[in-house]
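Only one chain is shown below, in structure tokens, and it's the form predicted on its own.
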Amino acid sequence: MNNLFQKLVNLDRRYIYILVSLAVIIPLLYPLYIEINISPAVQNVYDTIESLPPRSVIFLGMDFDPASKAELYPMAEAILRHAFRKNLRVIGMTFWVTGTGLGEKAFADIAKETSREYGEDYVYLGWKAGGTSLLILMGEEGIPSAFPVDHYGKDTASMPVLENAKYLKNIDYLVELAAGSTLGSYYYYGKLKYKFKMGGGCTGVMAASWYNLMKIDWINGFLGGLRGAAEYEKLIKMSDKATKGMDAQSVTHMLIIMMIILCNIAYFIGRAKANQTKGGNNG
């Protein structure tokens, strides 16, 4: 047993890297579907979308790029699935030029999966220079004024998806998926003036601060990191990338905790044995 603990203390770190890699890869290939409890913040976003009547309008801000794709992209897919199943209209855009392609792919994939029609059920405005001035323009002069053409160069004014939804005041619910500070722009230049409901999603490291934003009524709910996305997948009864990611993350955390405990036990046993040997020699 002592030899086993000694080997554990002196274990080549490359074996640890291999174990961690397996702890990530295996759950991704063979999901465990570890039970996840739904938080009130995620439930509020789901309930708001669930309560909207058919053909209501959701505005989806997709302000992230590949660096935060692992956490925010599954949120976008889950919310789009929910909205399209409910026969809601969705308007999408991004302030992050580096994330333009992610938004385009999410809309295209989920629309194909749910048989939604471009221009009729959804529109992706994409990215355009202007920042917060675009929000002011969409509020004062209308979405077609800010985006005369969409991401694909199509005329927006004549699109059925924008019928009776040409201004921010016509939005029934705005969901902002943010890896940065763009939530504040939507709040100050949108919600404060036009009084629409607002929810969102953020990376895990931002989640603690977003709870405070929910308390002061900036947002009525949000999805926090990969865990939030997995909770939403559970609510819409379709386990996907976030659920698998949470499995991999949970197994890896368990492995690391076990390694820490075992190596500490091995270290203290080894130290006690060394002290005994030293005491015997002195005696």
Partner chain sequence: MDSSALIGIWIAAGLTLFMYSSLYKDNPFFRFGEHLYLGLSVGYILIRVIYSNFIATLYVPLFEERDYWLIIPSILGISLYTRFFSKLAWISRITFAFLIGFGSGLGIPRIIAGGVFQQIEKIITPLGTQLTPFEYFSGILIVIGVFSVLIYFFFSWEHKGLVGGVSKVGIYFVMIAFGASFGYTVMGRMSLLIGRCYDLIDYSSSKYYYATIVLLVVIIAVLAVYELVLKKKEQPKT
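Numbering follows the first chain given and starts at 1. Here the rigid core means the biggest group of C-alpha atoms that line up within 1.5 Å when the two forms are laid on top of each other. Everything numeric in this text was worked out from a predicted model, so none of it was measured.
The following text describes the form predicted in complex with the partner chain, which does not appear among the structures shown.
In short, of 162 to 170, 109 to 117, 175 to 183, 68 to 76 it is 68 to 76 that has heavy atoms within 4.5 Å of the partner chain in the predicted bound form. Proximity of residue 55 to the partner chain in the predicted bound form falls outside the 4.5 Å heavy atom cutoff. Proximity of residue 158 to the partner chain in the predicted bound form: non-hydrogen atoms within 4.5 Å are absent; the residue sits far from the partner. Residue 193 belongs to the set of residues with a heavy atom inside 4.5 Å of the partner chain in the predicted bound form.
Among residues of the shown chain, residue 271 is not one whose heavy atoms approach the partner chain to within 4.5 Å in the predicted bound form. Residues 101, 127, 128 are the members of 101 to 128 with a non-hydrogen atom no more than 4.5 angstroms from the partner chain in the predicted bound form. For residue 31, a C-alpha deviation of 2 angstroms or more is recorded between the shown form and the other one after rigid-core alignment. After superposing the rigid core, the Cα of residue 256 is displaced by 2 Å or more between the shown form and the other one. Legend note: Cα of residue 256 to Cα of residue 206 is at least 3 Å closer in the predicted bound form than in the depicted form. Pairwise change in the predicted bound form: residue 260 and residue 206 C-alpha atoms lie closer than in the shown form, at least 3 Å.
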